[in-house]
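Just the one chain here, laid out as structure tokens, in the form predicted alone.
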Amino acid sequence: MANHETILEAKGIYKSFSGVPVLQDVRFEVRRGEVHALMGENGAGKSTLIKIITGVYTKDDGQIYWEGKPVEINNYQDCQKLGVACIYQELSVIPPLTVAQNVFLGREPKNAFGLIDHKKMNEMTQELIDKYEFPLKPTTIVDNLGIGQRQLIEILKGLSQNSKLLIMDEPTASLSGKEAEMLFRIITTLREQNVSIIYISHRLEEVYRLSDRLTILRDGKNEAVLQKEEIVPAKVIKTMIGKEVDESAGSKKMLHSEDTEVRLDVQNLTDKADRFRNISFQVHRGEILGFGGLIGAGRTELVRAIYGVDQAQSGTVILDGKTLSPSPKNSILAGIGFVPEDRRNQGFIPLLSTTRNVALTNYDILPKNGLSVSDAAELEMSKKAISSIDIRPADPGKQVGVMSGGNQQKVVLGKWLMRDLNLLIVDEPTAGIDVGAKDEIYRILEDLARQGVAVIVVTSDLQELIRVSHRILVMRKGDIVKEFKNVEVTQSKVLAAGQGVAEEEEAS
């Protein structure tokens, strides 16, 4: 680290949404030429703080200082003018363009005739590539590059604007091991070039390796700022979760799973893009199997392949003793329901009514008037769904897009409850949902299990994972690394398994 001069400081930051406090008196500072990690469980306030720093949200109170002077950041342009660039998980590169065209998009150098000077743009890009030792060529079409190299282009964009601070949000979530190693080398080079980095990650091993300091948020408040020598697994996990374990909140539970008949048998399932490999597990009738792990561990990709949204490279999926050829159509006909992680874009159609959304996956079982589906039958089905899981408002004609997040999720669940289910897969069942609606959804899942339905739940919420699961599998980097069955499980044990921390190290 070059020196201890503070480049960015946030003091006394407060932020609430609809009267609910999200950040309370948060303090955060970054020194010039340091990698400062930001960690915390989901909902701890990390994203909100970063969005305030980058001008996406306005703070309710507090002050941000840049190089010692108070500043107001009202939009991303203000942020860029100061010298701050943010590299998000969702990359914004344009594949048909070259590396240079992407780096200087909207800021292309012009010649005397007012036309884009491609030669100069390539030269400027090459200078940046040489300075930071990036494995790129200015003239390469981005469509021919992997995810890791595309991410480097995002970094180059920021550096091309003389950015002094880069914010990296889960930068390795979609990277292979080789691509991640390349990124780590580049972060080291940037630090040596006196560029500061805010590194947001759930992956402890990366934070240990890269960070000069670590700030941990918990429940919207500062919990700790750890120096490099203090960043050790046991201390970080304990600080993130909290010293007091509240059993009633789902932080600790004795798991109990009966070996009833096998409903789903997954054998050696491997992803085409190597996001998971040789995955084998079983789910029993009436069992809720929870999948834990970090962002990018391969959980979502796995369940999408089981359902057939994505095609696996190899492996076998067996339901009730019969081999299934996974596809949405085949899965629906086999009695498999799927609630995706992104409910708004993949789970329902916002402009359609509750009636139409409930009918979407059920046209094969709805009675018909000649060639058309019976409107009366559609309406009756939606009323049944509304009644069975208390969808509010109880208006079959209400557009689902204007409902609360909890009721939108109930609609997505409700359409599957109208079928004779054998297996229900639910990815992030309560993300963005209030506490009351969470309990209702947990009740629905538990009722299904009591009826003999096998349920797979993928969730990043540790309390939720422990609360609903009869058995837990933890994934890490595309592999199942731990099973919790008929044992006492705690948040720290699940988190440690997902981080690759040995039990004896976590307990020390």
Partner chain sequence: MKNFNLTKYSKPLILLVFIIVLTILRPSTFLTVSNFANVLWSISVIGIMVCGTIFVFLIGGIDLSIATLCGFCAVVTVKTITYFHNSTGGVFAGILAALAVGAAAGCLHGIVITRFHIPAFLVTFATQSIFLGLSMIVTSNKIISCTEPAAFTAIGAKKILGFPLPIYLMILIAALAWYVLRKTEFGRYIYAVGGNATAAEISGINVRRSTVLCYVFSGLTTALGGVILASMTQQAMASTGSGYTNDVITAGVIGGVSLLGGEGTVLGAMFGAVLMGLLNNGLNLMSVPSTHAGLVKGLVIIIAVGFDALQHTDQARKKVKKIVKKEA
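Numbering follows the first chain given and starts at 1. Note that the structure is predicted; figures quoted are calculated from it, not measured.
If you look for the form predicted in complex with its partner chain, you will not find it shown, but the lines that follow are about it.
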{"query": "Contact test in the predicted bound form: F291 vs its partner chain, heavy atoms, 4.5 Å", "finding": "no"}
{"query": "Non-hydrogen atom contact Y57 with its partner chain in the predicted bound form at 4.5 angstroms", "finding": "yes"}
{"query": "E378, heavy atom within 4.5 angstroms of its partner chain in the predicted bound form", "finding": "yes"}
{"query": "Heavy atom of Q346 within 4.5 Å of its partner chain in the predicted bound form", "finding": "yes"}
{"query": "R443, K477 and G498 all contacting its partner chain in the predicted bound form, non-hydrogen atom within 4.5 Å", "finding": "no"}
{"query": "Contact assignment for its partner chain in the predicted bound form, among K322, K329, H256, K131, heavy atom within 4.5 Å", "finding": "K329"}
{"query": "Contact residue in the predicted bound form, chosen from L352, V225, A234, V262 - any heavy atom within 4.5 Å of its partner chain", "finding": "L352"}
{"query": "Candidate stretches 278 to 286, 122 to 130, 368 to 376, 383 to 391 - the one whose heavy atoms come within 4.5 Å of its partner chain in the predicted bound form", "finding": "368 to 376"}
{"query": "Heavy atom within 4.5 Å of its partner chain in the predicted bound form - qualifying residues of 303 to 320", "finding": "R304, Y307, V309"}
